[in-house]
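Below sits a lone chain in C-alpha cells, taken as the form predicted on its own.
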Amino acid sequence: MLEIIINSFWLIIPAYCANFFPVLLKGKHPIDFGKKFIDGFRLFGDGKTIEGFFGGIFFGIFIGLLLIYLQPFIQQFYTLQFQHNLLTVFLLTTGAISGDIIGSFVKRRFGIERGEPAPLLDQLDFLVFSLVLVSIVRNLNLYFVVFLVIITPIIHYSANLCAFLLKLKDRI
C-alpha cells in the first residue's frame, strides 16, 4: 500500500501544484473577459483568471522540473514506477488547469455560482483531466488512479479549509 501512495503522489504532484497555485495569485483579469454563454451565464466567472491560468501552468511545470531533476537521486533509494519527463509534466499541469476551467463552465451551466459547492466536480475535475491527458502518452497504474480518485477530495477539502483560514478563499 505504501508503494501505491508514494507513486500516486509522485505522479500527480505537478497537477496538484498547478491546481492550487492560482488561489495564491488572486488574479484580476477573468479569462472569459466577462462574456456570457448563450444561456446568459458567464462562461467561467471571475474566479478563473488569465493570471491563474498561466501562473498555475508555470508553477506546475516548475515543480515538475524539480521532480525530473530529483528522480535520479530518489531512484538510488526507491524505485519510482512513474518517471516524469517534460511531456508528462506539461500534460498534467495543463490538464489540471483546463479541467478546473471546464468544471467552472459546467457549474455555470447549472446555475451554480462561484464558490458554491458542486460535490465531486469541484474536487475531481482537475484530476480527471490531468490523468486523461497524461494517459494518452503513458500507461497509468489503475491502483494509482483509484487511490487518487479516493484521496483527492479529502486533500482538496483540507486545502480549501486552509485557504479559507488563511483568508485566501471566501468559502470552504
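One-based numbering along the sequence shown. Note that the structure is a prediction, hence the values are computed from the model and not measured.
Omitted here: the form predicted in complex with cytidine-5'-triphosphate (CTP). The next part is about that form.
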request  = Run the contact test on E3, Y16 and F144 with a 4.5 Å heavy atom cut-off to cytidine-5'-triphosphate (CTP) in the predicted bound form and return yes or no.
outcome  = no
Partner contact check in the predicted bound form: of 65-73, 34-42, 50-58, 132-140, the stretch with a heavy atom within 4.5 Å of cytidine-5'-triphosphate (CTP) is 50-58
**OP:** Look up in the predicted bound form whether I151 has a non-hydrogen atom within 4.5 angstroms of cytidine-5'-triphosphate (CTP), and give yes or no.
**Re:** no
Item to complete: Answer yes if any heavy atom of V23 is within 4.5 Å of a heavy atom of cytidine-5'-triphosphate (CTP) in the predicted bound form; otherwise answer no.
Response: yes
- Please check if P119 has a heavy atom lying within 4.5 Å of any heavy atom of cytidine-5'-triphosphate (CTP) in the predicted bound form. no
For G115, is any heavy atom within 4.5 Å of cytidine-5'-triphosphate (CTP) in the predicted bound form, or not? yes
Contacts from 156-172 to cytidine-5'-triphosphate (CTP) in the predicted bound form (any heavy atom within 4.5 Å), listed N to C, are K169
